[in-house]
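Shown below, as structure tokens, is a lone chain in the form predicted on its own; questions about how it binds or moves come after it.
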């Protein structure tokens, strides 16, 4: 459905106290989102995963590489000609409180894009009203209650469902969920995550799930691929259960080691580890990006940068010279 080949992105800033400087957000990222499938990107804040989601939704440009939607390589098209292809990808915003216009009712928020869709496809006005109610019902809301209300009259969970319904008005083939549950109550998160899984089953829509929460990535993309990204580079990828149960890259192992243990119910992994140093984004290592923080770094790690592959015969791809399976995930007590 969507394939990225060597996607790069650098942000340049000018002026300020420190003068001109640039920030590399993506470093040759390869990925594949299959039709009706789920792909998850996890990593620390600032690792580049949100930038990637914005590029897929057409909200950000990319500097290099190829972005292929269906059978079309967008790199060969002019910006205006890319718009119909980007319309097939819709973004579910992280903040449901700022994603909706507070001066418009939910009815007007949903019906305007549907009216445009009806004009493009020659559908009657009655289709707009019925489709509005159908979309709200699909995301688990009561149309008669929600349609006349303004965003401030709805709960956070209801607003997020409206945001999902709005994304569905243009009949997208891919939904980019960027931290879609991070700003709503914990008690409501499972409902939104379940909704995303339901949309895959009922509509066949693909999901790109961006998060720093390993548990939610595991739930939404249970049968999909998991990409671990660090400073704009994918350092490990493979089936979700394979990467989480048997991580081989030290950065992935540090991420999983940071998951709290339910004492009395779980036994911590015996190989849990933490980075040696805090992240210094100003430092640009010549070798492995994670080498300054890696507990197992050697001279070759400092001088050479590993590429994504299967060195050592591991089932998943990784970017490490010395991959090693370690038990870092907590296991239930017997």
Partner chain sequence: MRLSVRQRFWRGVWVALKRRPSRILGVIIMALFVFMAIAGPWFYPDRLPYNVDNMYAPISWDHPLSTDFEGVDVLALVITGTRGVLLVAVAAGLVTMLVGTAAGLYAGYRRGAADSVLMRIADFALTIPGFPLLIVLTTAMNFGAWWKMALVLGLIGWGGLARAVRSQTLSLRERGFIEAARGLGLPTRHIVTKELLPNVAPFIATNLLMAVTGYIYAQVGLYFLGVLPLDTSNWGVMLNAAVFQSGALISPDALPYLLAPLGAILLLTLGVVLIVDALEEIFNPRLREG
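Residue numbers count along the first chain shown, from 1. Quantities reported herein were computed from a predicted structural model and do not represent experimental measurements.
Quick note: we don't show the form predicted together with its partner chain, though the next part is all about it.
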**Fill in**
For its partner chain in the predicted complex, the stretch among 202-210, 121-129, 69-77, 104-112 with residues bearing a heavy atom within 4.5 Å is 104-112
**Prompt:** Check 90, 99 and 116: does every one of them have a heavy atom within 4.5 Å of its partner chain in the predicted complex?
**Reply:** yes
**Message:** Against its partner chain in the predicted complex, would residue 166 count as a contact residue? Criterion: heavy atoms within 4.5 Å.
**Reply:** yes
**Prompt:** Does residue 137 reach its partner chain in the predicted complex, with heavy atoms at most 4.5 Å apart?
**Reply:** no
**Message:** Please tell me whether any heavy atom belonging to residue 302 falls inside 4.5 Å of a heavy atom of its partner chain, as the geometry stands in the predicted complex.
**Reply:** no
**Asked** Does its partner chain come within 4.5 Å of any heavy atom of residue 198 in the predicted complex?
**Response** no
